[in-house]
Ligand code: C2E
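What follows is a single chain, given as structure tokens, in the form predicted alone.
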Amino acid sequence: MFADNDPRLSQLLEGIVRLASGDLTSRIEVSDARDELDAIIMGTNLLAEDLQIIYEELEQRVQVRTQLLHEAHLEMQKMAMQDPLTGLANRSALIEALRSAIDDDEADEGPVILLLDLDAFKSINDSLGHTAGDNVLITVGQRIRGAVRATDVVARLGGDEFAIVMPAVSADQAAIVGHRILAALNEPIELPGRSVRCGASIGLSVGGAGQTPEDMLMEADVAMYASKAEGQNRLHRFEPGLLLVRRLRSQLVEDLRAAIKSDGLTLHYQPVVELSSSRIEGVEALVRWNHPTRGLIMPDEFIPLAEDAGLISELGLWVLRTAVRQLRQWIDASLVDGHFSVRINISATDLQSLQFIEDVRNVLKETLVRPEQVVLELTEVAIVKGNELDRYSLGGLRGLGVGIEIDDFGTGYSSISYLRRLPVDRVKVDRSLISGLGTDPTQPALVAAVLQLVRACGLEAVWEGVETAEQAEILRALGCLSAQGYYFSRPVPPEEVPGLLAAQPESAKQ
């Protein structure tokens, strides 16, 4: 045993207090007595040493975890500011870079933003698939990065839209870079098995006092649409007058949306004539828009507007319903028989929607019109370059029993082998192939060759753009079955169709 007044007791107590306060390096001195009290002191020191080792290991783990969390946080910040496909900055990073450039008081000149939209990306993506589309976007990003300065920020804003923030640069210098980007993007892009071109349209906006990044982006967007209106591979600088054009365009889009919903559009009908008998075998429905303040607006103006605004499917459904209901009225009035057909133009967008098949089915069910009396027309480019979904949709439409016709046939596609593979009934030969008929002595041979080619594929042709009696007679003599054009009739409103039907030769009415 040890005495109550042994000084080692107070040393032991002080040591335990130090350890309890967190001083794990503290140790209690062991005496030479090596008795039971020294044994307790030694045990306390061993415990302190173990606690110190545990604490150091724990501290090291905390440091490692903290470092990992910090790295993960940095990676998340990077991901939050980076486009995952191209590795470029994203919209958030672009806005920050633009805000920083606007706020730079030391810059001699304001920042410039270039907003870029690819001109042909949708057709590449639709025809070659999303993997090819992604490869195009990656290549585009690399080419833009290679065409700009090291201090410029290149971002992908989504889809096929890119932007470049150029700090402290003049508009002229930025335009030079912009044209360098256009030149780089106009070069072919090599994909597995083929080469594609994908030009762009660029809008340029110069920063000014009191502007926000959002203001500059809006101005660049307005300028970019002006570039698109001028044609492919263009650069346009923002001008205040473009805002008025933008507002007018936006208002026209809203007017068109309202017109579709309120039946503010009309259909005109152009006859398709059987050449041998002059019988009107059907009509093509052509949409017209009589705007309340702007007057008659032709399709070549408002259909592209509908496509850009995402209204083309609504417009197409309105045309489908209206045309087939009109055919039902003519049938009920005994003006036409079961062989009379109505042709309706549909867009490539319709084929990308499985709902379109149901829309056609519902219209046929509602009107009780026989499916073969409805012929859907698609452009040659849309039907040839479509993807698997397009072909599935064509098969589904064919399953309903409706006719399918290729419009604008002969407008430049390099191969006709697709005619044997696609579920189509007829082709409508583009007017350009008969424009010289009656004046060019070589034209009849060309028409005969095209007709033979079409029939070799098991199809028939409608010849579009017939403007004279001589053209009609040459086509009839060559064995062509059907034609359409101003010689027979211009497109007319529905109330004039009964008069055209009544004016047919008696032999054609049998």
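Note that the structure is predicted; figures quoted are calculated from it, not measured. Residue indices: 1-based, along the sequence shown.
There is another form of the same protein, the form predicted in complex with the ligand; it is not shown, and what comes next is about it.
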* Tell me whether Leu327, Ser341 and Arg398, taken together, all sit within 4.5 Å of the ligand in the predicted bound form, counting heavy atoms only. => no
* Asked: Which listed residue (Glu377, Glu281, Asp119, Asp83) meets the criterion of a heavy atom within 4.5 Å of the ligand in the predicted bound form?
  -> Glu377
* Structure fact -> Partner-free chain; cross-checking the ligand in the predicted bound form, the single residue of Pro299, Gly208, Gly87, Gly264 with a heavy atom within 4.5 Å is Pro299
* Asked: Tell me which of 58-66, 448-456, 478-486, 26-34 has residues with heavy atoms within 4.5 angstroms of the ligand in the predicted bound form?
  -> 478-486
* Asked: Hey, in the predicted bound form, is Asp160 touching the ligand, heavy atoms inside 4.5 Å?
  -> no
* **Contact test in the predicted bound form: Glu467 vs the ligand, heavy atoms, 4.5 Å** => yes
* Does at least one non-hydrogen atom of Ala175 fall within 4.5 angstroms of the ligand in the predicted bound form? -> no
* To do: Would you please decide whether Ile346 lies within 4.5 angstroms of the ligand in the predicted bound form, comparing each non-hydrogen atom pair?
  => yes
* Sequence-ordered list of residues in 187-226 near the ligand in the predicted bound form, where near means a heavy atom within 4.5 Å -> none
